[in-house]
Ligand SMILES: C[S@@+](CC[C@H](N)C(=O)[O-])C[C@H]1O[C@@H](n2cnc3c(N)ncnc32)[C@H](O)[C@@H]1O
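As structure tokens, one chain now follows by itself in the form predicted on its own.
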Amino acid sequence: MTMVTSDDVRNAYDGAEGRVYELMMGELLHVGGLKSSLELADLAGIAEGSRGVDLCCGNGASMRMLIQLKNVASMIGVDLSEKQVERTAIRTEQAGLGDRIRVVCGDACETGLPDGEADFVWSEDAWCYVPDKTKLVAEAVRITRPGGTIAFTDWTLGDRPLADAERESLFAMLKFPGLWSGDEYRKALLDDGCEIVEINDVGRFARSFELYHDMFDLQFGWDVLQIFPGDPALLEMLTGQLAFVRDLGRAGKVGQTRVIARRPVVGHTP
């Protein structure tokens, strides 16, 4: 099987693929967009005045959303891509939020942030790109204060297994080093002493990819050809890839899972 590295992920989001992803999903680069973000924030109880950390923050849109719509006090974003960090800084200043958002270029598994200071750790559809998810979960727990919240969505394996060829194609196409199931996230969080609030497939994955496929097939073809100039074959390939992911979702082989957990207060055993 082709091995995907962090450099592969970085190059994808720094280049033309990243532009295609924003065309497809908007600035909030995850399945379900704003609806998904607000559901996650509400169910996780993200409070006004709280302080959060977004691990694998991408272009920083989720952090800006949490400040503008949920009035969190401040956010720290961590991302491996220097270009994404620069993009976050520029868009944050343009939004007038530079005094409330700080972004760090670094490894989300080794952030260097202090122990137990974040009221919540956040991420949306990004941990699928991290090779060592056990280490990532442990880092999220470490930087969350006792009683704080870990809230994220991620692409996950479904109830039906991927065939070897499907796995190879999906991971190579989307630069995934691997995917976890919801149960694997549950185990890692429990092993790190957390209480599970919710781990559920949200049921919007296939429907969202039906939308992405139809947008590119019926509306955004010209826009795609401005990113990949003048090659209609690339547009055909892209719509075929979207149909492939859509069909995996329909078959229950891949989905989007919402995860909410709490770090217990000191002395409490979950």
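Small disclaimer: the values here were computed from a predicted structure and weren't measured. Each residue number is its position in the shown sequence, starting from 1.
Another form exists, predicted together with the ligand; not displayed. Remarks below refer to it.
Contact annotation: Ser81 falls within 4.5 Å of the ligand in the model of the complex, judged by heavy atom distances.
Shown alone here, Ala126 lies within 4.5 Å of the ligand in the model of the complex, counting heavy atoms only. When the ligand is considered in the model of the complex, Gly106 lines it closely, a heavy atom lying within 4.5 Å. At a distance threshold of 4.5 angstroms between non-hydrogen atoms, Val9 is in contact with the ligand in the model of the complex.
Contact with the ligand in the model of the complex, judged as any non-hydrogen atom within 4.5 angstroms, is confined among 163-171, 81-89, 192-200, 144-152 to 81-89. With the partner removed from view, the residue among Leu29, Ile227, Ile46, Met65 that has a non-hydrogen atom within 4.5 Å of the ligand in the model of the complex turns out to be Leu29. Among Leu40, Leu238, Cys57, Val245, the residue placing a heavy atom within 4.5 Å of the ligand in the model of the complex is Cys57.
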